[in-house]
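Consider the single chain below, provided in structure tokens and representing the form predicted alone.
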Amino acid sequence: MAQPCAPWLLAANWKMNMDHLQTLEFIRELSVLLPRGEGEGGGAEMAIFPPFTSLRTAQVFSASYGVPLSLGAQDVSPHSSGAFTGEVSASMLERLGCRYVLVGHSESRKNHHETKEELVGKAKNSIASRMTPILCVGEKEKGGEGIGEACRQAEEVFCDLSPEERAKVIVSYEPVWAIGSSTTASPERISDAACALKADLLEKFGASPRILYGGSVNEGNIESLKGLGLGGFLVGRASLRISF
């Protein structure tokens, strides 16, 4: 079971933006807005997911400036080590201070043609390295089977995890049609999806993960999306703005 009273999570997926110098400047500016030693204000945990090349900068300077940020990686290899040129292992990310890892983001599913076995391997290796996988699921089209597609994507990973591993996974509902657009899913759809995912995973696997929402979340609509039974948000483009 997921831990009760977990802090609200605001996860910022920077995608392929922000080199290490831009990351340093972002954290420096953020340190002015968030007084040092303030901790996790308002019961929320802030996590940033910079490119691999900026992780070390984010780790060092968030500590130096006293900015209460958790670190996450945008992807991880399904392999522990070996002849896998260009890949980054879970243990490498853990040693850089990463607490979270995105698994199965729709852009990675599409661009890297990820298989079920790869997604399961990524989740398992992340957990073995004491990190929390954020499993991204969501339907491609507005109509059709919709939320059922998201549930099946979660099921195909959860079915190959142990009960202990399932308890350590966060699920992010991200309808593909809403990502990178100006269209956010309606509060009713988000609430329905969160309830469906929780009910499905509880019934089939005895799991009750935290559910995040992602898909064109920004400073203009985030307030209207609170109170929907969510554990937080996975924010993309809008998270590049220091004012978010």
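From 1 onward, residues are counted along the sequence shown. All values derive from a computational prediction rather than experimental measurement.
Only in words, not in the display: the form predicted together with a small molecule, which the text now covers.
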### Query
Want to guess which of 193 to 201, 57 to 65, 26 to 34, 213 to 221 is within 4.5 Å of the small molecule in the predicted bound form, heavy atoms only?
213 to 221
### Exercise: residue 15 in contact with the small molecule in the predicted bound form, heavy atom 4.5 Å
yes
### Message
Taking the small molecule as it sits in the predicted bound form, is residue 46 in contact with it (heavy atom to heavy atom, 4.5 Å or less)?
### Response
no
### Message
I'd like to check something about residue 139: if you look in the predicted bound form, is any of its heavy atoms closer than or equal to 4.5 Å to a heavy atom of the small molecule?
### Response
no
### Query
Wondering, does residue 105 line up within 4.5 Å of the small molecule in the predicted bound form on heavy atoms?
yes
